[in-house]
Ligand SMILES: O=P(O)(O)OC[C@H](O)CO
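Given as structure tokens, the chain that follows is alone and in the form predicted on its own.
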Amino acid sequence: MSTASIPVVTGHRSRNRGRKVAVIGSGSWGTTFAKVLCDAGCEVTLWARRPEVANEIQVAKRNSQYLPGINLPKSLKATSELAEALSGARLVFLAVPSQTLRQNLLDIEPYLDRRSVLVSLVKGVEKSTTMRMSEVMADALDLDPARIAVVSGPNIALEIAKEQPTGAVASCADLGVAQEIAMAASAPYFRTYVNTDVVGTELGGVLKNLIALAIGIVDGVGYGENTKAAIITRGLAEMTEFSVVSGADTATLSGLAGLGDLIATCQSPLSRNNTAGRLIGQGYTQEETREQMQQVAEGITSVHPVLELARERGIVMPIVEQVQMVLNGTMAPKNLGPHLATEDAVPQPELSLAEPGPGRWRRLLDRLKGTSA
């Protein structure tokens, strides 16, 4: 079937009655997604690493550190005990930092039901292995592809917590599992689509963070909308080339998990990666930026592994390379924008997909060419 996103109609609260799900991670996105699942009618237990956070959510129905001013559903349960959180959960949503996911998986393994589906809400790459989060899940727990899924899209946590309408994509190699996830996560203000393009859905969420860093940097410097529009557009070209060579469907990158997420992350002051880039553009060090934000900007940890993969696959990513140079201190933030316009004296096409590599990448691109002929 085509991997273009298929909508799942909302309004299935009654169908979710009795559906037990768990959310691992009580940061802004984990807590927000737990609220979405509650509002869709699921029985939700949220795991928090710190007992005091779990207690605040359980008793006061608030997470004042990450979602100030938001009242959480009365039905939401919270605990700092993994066994309690995972008991009876068919769907387990993971909302933890990308660099701790592997350890978190090992921690939850003893309590998982053998039929549980693990769903990544994480938009990052493991630095030590360059694996995407779904690959880390398969590697750490040796799971069948039908038990691994991802959810991604233009999902600024605080806006969704305020029930401002948006959408996302649930992706799994098994379409039926993707539909089950989408049904569980379809609230009145949150529409979920489905596809089977796990690679494209996941990479859209990873790569847009790097472009959002670039947008934040030039914003911090003081450049205007023309520069930002050029970076977003050229950034989408870099995202698309990288993703297609990695096995993604081009259509996914023009949907919610690609272009949609890119627009939201690049333009929102609530975006962690945009904010991190802006602080760096204003002259803050990475350490000072982390102290200011008190949250993880996944883009910063993903720059190096993404460029490592790009070099292995023969892909040039000028914007991401310049972001790394700024982070490393070898390029002044003010020079990121001008370099965008002068990367090569020879005029180039806007988008030229890289030559297909051997094996499945070649077969994929040959198939794409055949369907468009």
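Because the structure is a prediction, the values reported are computed rather than measured. One rule holds for the numbers: they count along the sequence shown, beginning at 1.
Missing here is the form predicted in complex with the ligand; even so, the following discussion is about that form.
The contact residue chosen from S271, S134, T240, N195 relative to the ligand in the model of the complex is S271, the criterion being a non-hydrogen atom within 4.5 angstroms.
Of the candidates G220, P154, G235, G255, P154 is the one whose heavy atoms come within 4.5 Å of the ligand in the model of the complex; the others do not. For the chain shown alone, E202 is not a contact residue for the ligand in the model of the complex, no non-hydrogen atom being within 4.5 angstroms.
Although the partner is absent here, S186 is not a contact residue: none of its heavy atoms lies within 4.5 angstroms of the ligand in the model of the complex. With the ligand left out of view, the stretch that reaches within 4.5 Å of it through heavy atoms in the model of the complex is, among 174-182, 243-251, 78-86, 257-265, 257-265. Although the ligand is not shown here, in the model of the complex the stretch 208-223 places heavy atoms of K208, N209 within 4.5 Å of it, in sequence order.
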